[in-house]
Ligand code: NAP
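One chain comes next, on its own, written as structure tokens: the form predicted alone.
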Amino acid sequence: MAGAFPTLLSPLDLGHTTLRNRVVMGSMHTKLEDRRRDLPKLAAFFAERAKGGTALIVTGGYAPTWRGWLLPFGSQMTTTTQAKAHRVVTDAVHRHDGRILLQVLHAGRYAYHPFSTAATGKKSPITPFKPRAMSTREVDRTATAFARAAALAKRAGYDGVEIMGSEGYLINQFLAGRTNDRTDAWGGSAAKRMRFPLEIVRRTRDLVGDDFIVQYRISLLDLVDDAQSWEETVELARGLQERGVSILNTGIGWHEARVPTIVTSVPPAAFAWVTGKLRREVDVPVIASNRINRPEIAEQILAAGDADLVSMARPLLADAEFVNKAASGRDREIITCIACNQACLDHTFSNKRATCMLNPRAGYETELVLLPTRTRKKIAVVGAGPAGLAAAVELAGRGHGVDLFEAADRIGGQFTLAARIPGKEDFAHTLAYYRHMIETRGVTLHLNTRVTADDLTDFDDVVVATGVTPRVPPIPGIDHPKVLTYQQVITSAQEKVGDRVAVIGAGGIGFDVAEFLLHEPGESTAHWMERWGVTDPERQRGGLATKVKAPPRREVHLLQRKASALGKGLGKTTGWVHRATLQDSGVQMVGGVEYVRVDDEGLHITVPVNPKDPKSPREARVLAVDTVVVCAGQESVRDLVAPLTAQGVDVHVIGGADVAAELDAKRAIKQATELAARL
């Protein structure tokens, strides 16, 4: 069954238990952890991943004390009643021969509530509350609380725990000088700072015995100032091993770091090298993590000896059957995580249930169910963008006869454009998946075919997924030769773009176009590390170095009508990365713009004299640019809807054809999947 991935699919003997392969589902807070009533849904979520072949699953974080909550009244493991309630989760995973760990996490100063405690009273830059510094006795009691949470997890049927010691949460806060300036037994030197995690692990092992997995998430790159040195990290890892840790998992970066670690622009397996450094220093198994989204990437890491296991959280959100598909030679059927964060981390940090843009069933296994149809219908889907592709594949998967019509010479729609943006190359995996599934599920594909209502009268249902067309604003001179739409620039006209460019519209597409004009696709890991200031932690504490800024390929002005900050509407966990990228490339970002005209001189605009006061007097400017790229939104293409409705055809409008919006793929694919479940 191992096929092309023999190392990935080989078992790992931990002594008291054996993992059936090397795949770990890393911890993700799904928002199903916080309320007891949601545990059956959480059980179904994890059970589907265990059934899909995942060897080891780690839950979202559970606090060992109420002060350690992430959110008010958030998930915790502090009572036998709570432990008993978790049996529904552990039993569900064990029925499918999976293993599951409860992650024990104390938020420390990252807590979103006013009762937080931490190593010191230093406030986090990413949360609104200032923590209270723990007393010496309170630190000791908290270490014991971690161990008690582990004992309760064992009572709940968990196979082990993961102690969260990275990403800037409480344990990590104790380890770094930037957040621990204590002078008692828990601070003042590197040895005293690491006493807290060592005591947690020692006490945990004493309480749970030898037949229980104790996994520790260790920060290998803090990526913040005044962090741990590599020597301290190795000393900690060896100390954890001596005190009974079973497995060391890799943590990369604090949440407040200015380096992206999991967004789509981070190169695949960008941090596997540092896991390899640790593996050479310890004798327990080590897990590689972050941006490992394909079985061939995981196999390469393991075969090279850089890790013993690989952690994939979002990839197993995208496809619960990841492992089984890889094992049975169906790896082309894997829905590859593109690290967009739109429906997972953006949801989590907005206090919403996590799911997946490409797999809306994730987290909704008991609610969004795709069963074989009892009545086979003949269905036409018009438009092969994200909405149309998802509808066609899921409808055919249920047993309907599906014809997919696309006016262009290829499938993909807006995803075809996205795949060409530097840092979004993984979108090509999505298109490859849909191409394969169209063939596998027997969808009849008609390319270069622009259908009319009369062509569709023989179908039982018609799904209109005709997408959007770029909106062209009524600016005098908009038909000037130097004006191009974003579609023209990305698909075929980049050679027509001059050295000085004005981009009209600063939504997601405007940012993407700016990056497209500034950077080459397929950036190497080494170049990415230089650009973001990531280095070997043996050279700099925490692996944080000075950014090396490359000269931009073009002079770019990014403009918007709104007076608000540019990029404000971008994703919660990704927008800052796009803004930083453009700022580092020297892009001039201007808000509150009124467009006057385009002529041979360039783009004529007016802007407020005081950018912070949009009502202030305006001044005229001329941007002497060679090219103006229009990214001013989209308009729905709905030409088929009225005539089909008039003919009495059952019409279903989804995606951009329903609502034209900048970043609508999440809504489009969700609409398509829900429609497929209903028809």
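Don't overthink the numbering: it's just position in the shown sequence, from 1. Keep in mind it's a predicted model, so treat the numbers as computed, not measured.
Quick note: we don't show the form predicted in complex with the named molecule, though the next part is all about it.
>> Check for me: heavy atom within 4.5 Å of the named molecule in the predicted complex, for each of Leu19, Phe212 and Gly244, yes or no.
In response: No.
>> Just checking whether Lys562 would be counted as a contact of the named molecule in the predicted complex - the rule being heavy atoms within 4.5 angstroms.
In response: Contact with the named molecule, yes.
> Is Ala506 a contact residue for the named molecule in the predicted complex, using a 4.5 Å heavy atom cut-off?
Replying inline: Yes, Ala506 lies within 4.5 Å of the named molecule in the predicted complex.
> Does Thr30 reach the named molecule in the predicted complex if we count a contact as any heavy atom within 4.5 Å?
Replying inline: Residue-level check for Thr30: no, no contact with the named molecule.
>> Does any part of His429 reach within 4.5 Å of the named molecule in the predicted complex? Heavy atoms only, please.
In response: Flag for His429 set to no.
>> Considering non-hydrogen atoms and a 4.5 Å limit, which listed residue (Ala43, Val628, Ala632, Leu70) is close to the named molecule in the predicted complex?
In response: By the 4.5 Å heavy-atom cutoff, the listed residue in contact is Ala632.
>> Please identify the residue among Gly188, Pro473, Pro114, Gly121 with any heavy atom within 4.5 Å of the named molecule in the predicted complex.
In response: It is Pro473 that has a heavy atom within 4.5 Å of the partner.
> Which of 379-387, 553-561, 453-461, 154-162 has heavy atoms within 4.5 Å of the named molecule in the predicted complex?
Replying inline: In short, 553-561.
> So which residues in 589-603, when you check the named molecule in the predicted complex, have a heavy atom no farther than 4.5 Å from it?
Replying inline: Result: Tyr595 alone.
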